[in-house]
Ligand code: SAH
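One chain is shown next in structure tokens, namely the form predicted on its own.
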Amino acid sequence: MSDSRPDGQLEEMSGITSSNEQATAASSSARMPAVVNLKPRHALPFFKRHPWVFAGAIRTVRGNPQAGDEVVLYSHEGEFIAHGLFNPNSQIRVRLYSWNEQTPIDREFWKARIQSAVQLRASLFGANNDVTAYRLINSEADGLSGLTVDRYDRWLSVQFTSFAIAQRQTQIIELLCEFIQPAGIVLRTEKGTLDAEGLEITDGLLFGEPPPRPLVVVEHGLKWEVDLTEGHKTGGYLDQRDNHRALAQYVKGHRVLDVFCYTGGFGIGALVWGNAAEVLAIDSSEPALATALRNAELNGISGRWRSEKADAFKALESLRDAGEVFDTVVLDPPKLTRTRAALPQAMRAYHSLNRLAVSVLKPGGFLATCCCSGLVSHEDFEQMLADVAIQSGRDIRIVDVRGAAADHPVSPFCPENDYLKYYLCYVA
């Protein structure tokens, strides 16, 4: 790791407004942080280090803070709780970072947090070239609410989901370059997050060289194409890495149906690691299926890989009506709800998908069913499976429950981080 400042490229980074950021920092340091006081009986979650202070918990704001300014959070009785960053345009009005009254949110603070995140991944992967793509910073779990960084070989893909973090992007990029020395750094955004935070930033190259398209990375020895410019999320799905390999131990000789296959993670793993007989992969995205086929070719199993562009619900109905049966069915749908108001509708969709999956699963087969909606609890998901078992008349037994890979740690202070659920079920 180098302690030297990155070269002059940083001053030319696309989308970075260094002079504005420096002016903001200077202005903030010239005055005392504003004070946010909570309503009575609202302080306990924040004393317990939950990082999100919603607007409804706040009684008063003193000092006229602007979006991105540092503030100090106090209970209604005037007791210090934490240092945070303010955004009047977001329902998450304050994001908390430091619970030490003597530790402000300055460059040294960011440096220490980023260094800690980098050290964790070094302990997980070290110099092992068996995995060349992983999550480097996982937002709240690494004490950096609003910042997600994924590493794809020599490139970094960054998401800012907080206005205040985006405002400090020059500093963040400098520190990432200091610790990682990447070939390049790209910015990826999500429209819903931009709207929620009042952010006006666009995808693009922030530093260094643009990544090749496609970029080939390694997952437990398998090769995968990723597109850091147009691929889903930051370029790919890294959280299911270990679950791909976990499923493979059960599928030898199986006919596998991989629904919402995206670029082939579960299906190709089943063929290579598990020696499955064949895979039928379903996805509604033609580009994703094209990438999946190239991934199958990269790993030498294209002869046992077949794909179909279709809506998942309609494809499952057609397979059921045609009397098709499979030894293993994988369901890995995208997030089906982002709000609590939409949760009942999402649970109905999960129920329908799993009921259809069971209808094309032979007795004694395996159902690998996933949920990446953080608002859906394990209890919700297990109750859905119980309802599917009752209505289908099939015996469903949960034999394995897993979450995201280890490079996606979960904060005990922010259970919302524990979003990914993977259930392997034996269906009699």
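Just so you know, these numbers come straight off a predicted model, no measurement behind them. Residue positions are given as counts along the sequence shown, with the first one as 1.
One more form of this protein, predicted in complex with S-adenosyl-L-homocysteine (SAH), exists but is not displayed; see below.
In the predicted complex, at least one heavy atom of D283 sits within 4.5 Å of a heavy atom of S-adenosyl-L-homocysteine (SAH). Within 4.5 Å of some heavy atom of S-adenosyl-L-homocysteine (SAH) in the predicted complex lies at least one heavy atom of C261. Contact check for Y134: every heavy atom lies farther than 4.5 Å from S-adenosyl-L-homocysteine (SAH) in the predicted complex.
S-adenosyl-L-homocysteine (SAH) is not drawn, but in the predicted complex it has a heavy atom within 4.5 Å of A310. A heavy atom within 4.5 Å of S-adenosyl-L-homocysteine (SAH) in the predicted complex is found for exactly one of Q240, T328, N87, N354: Q240. Scanning Y152, F163, F207, F266 against S-adenosyl-L-homocysteine (SAH) in the predicted complex with a 4.5 Å heavy atom cut-off leaves one residue, F266.
Only one of 195-203, 122-130, 333-341, 290-298 places residue heavy atoms within 4.5 angstroms of S-adenosyl-L-homocysteine (SAH) in the predicted complex, namely 333-341. Taking S-adenosyl-L-homocysteine (SAH) as positioned in the predicted complex, the only residue of 206-232 that brings a heavy atom within 4.5 Å of it is H232.
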